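As a starting point, one isolated chain is supplied in structure tokens, in the form predicted on its own.
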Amino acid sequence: MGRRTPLYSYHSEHAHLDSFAGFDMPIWYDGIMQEVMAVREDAGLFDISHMGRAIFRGADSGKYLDILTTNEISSLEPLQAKYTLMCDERGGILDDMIVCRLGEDSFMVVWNAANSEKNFRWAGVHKWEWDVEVELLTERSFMLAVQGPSAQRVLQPLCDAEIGGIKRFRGVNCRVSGTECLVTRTGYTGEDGFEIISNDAGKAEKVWAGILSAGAVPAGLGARDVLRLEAGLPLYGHDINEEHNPFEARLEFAVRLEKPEFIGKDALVGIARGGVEFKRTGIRMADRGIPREGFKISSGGKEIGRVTSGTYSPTVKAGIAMGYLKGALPCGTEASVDIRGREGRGIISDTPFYDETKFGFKRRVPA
């Protein structure tokens, strides 16, 4: 038996469960493909309470997070969030995360569930003499995500504050179904949406039920994985890890080399100057093949990389994948994927894989 979120009772009755990052989590309810399209076309509700949540408190908390991560954190305004990376001294990616400033001397960090304990230890080892304390909140809090073009319509009636005006990577403190929450607007599906975070784990079922009653469809981690891949978003342990740096992963937008100091800066400065041989790239299948992790990718008769994430996309109705490919191949270049001994024809593709004039957050809410 694995760890459980506060919503385990609901999931055990309505979903197919499996272990993920040590938690018994819902993988699907009525079907992964149906849940993907519910998010693309209407609104889906995810339990993401398994994700690691930590509070950094103290007079030096902002400066410390500047040292610990690649992006500039200390300049965040209250209830503003930012995507950032935590790298080791070689520039390898330890994790990606979102940091939100809660107050003058406090920040909430949301990181991947599988890395929660590792990240907590890493943060402790590097505190040195800084005036900062780090506290894990995962066990006594809950976190939900409402995603899709109807997310605002579904969630607004349950909130005692206006959420339509929340800008991208901003948040507001309000009551949701009578429960004190932080509502943010970041997302991991490529769609508009909101995250609901509360320190009152006992109210999780009430908030969950309220959002379902308002019209959201419950969605599991299977749909979440397909959605993030369709949007071209990397997942730690598959598309990013310590063996890859931000420039290979095409995450250099989250790296501020102009900062005076941060862990991994010297290595990343050298990598930026010298360039990289491999880059995370999208591939869309031109035939019926479904690429899977580890499958070999070739072009011109030569192996150029391996699939790191792959699936069938109900949005584009084709197999899609990401992988680290050698050389700067332009979009439209043909590439083949070895699908269990059969050569599947693919095309180098930009991400998101879907047409953003039809689907996608950028169409609906400016950044």
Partner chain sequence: MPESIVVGSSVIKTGLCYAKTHEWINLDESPSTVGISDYAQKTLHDLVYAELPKVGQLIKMGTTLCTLESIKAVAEVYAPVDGVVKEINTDLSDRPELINKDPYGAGWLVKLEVKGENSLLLKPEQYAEIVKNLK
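Because the structure is predicted, anything quoted here is derived from the model rather than measured. Numbering follows the first chain given and starts at 1.
Quick note: we don't show the form predicted in complex with the partner chain, though the next part is all about it.
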property	result
All of Asp60, Thr84 and Ala254 with a heavy atom within 4.5 Å of the partner chain in the model of the complex	no
The partner chain in the model of the complex: contacting segment from 65-73, 49-57, 32-40, 299-307, heavy atom within 4.5 Å	32-40
Residue among Leu137, Ile290, Ala201, Ala161 with a heavy atom within 4.5 Å of the partner chain in the model of the complex	Ile290
In the model of the complex, Thr311 touching the partner chain (heavy atom, 4.5 Å)	yes
4.5 Å heavy atom contact, Asp225 and the partner chain in the model of the complex	yes
Val316, heavy atom within 4.5 angstroms of the partner chain in the model of the complex	no
Trp28: touches the partner chain in the model of the complex, heavy atom cutoff 4.5 angstroms	yes
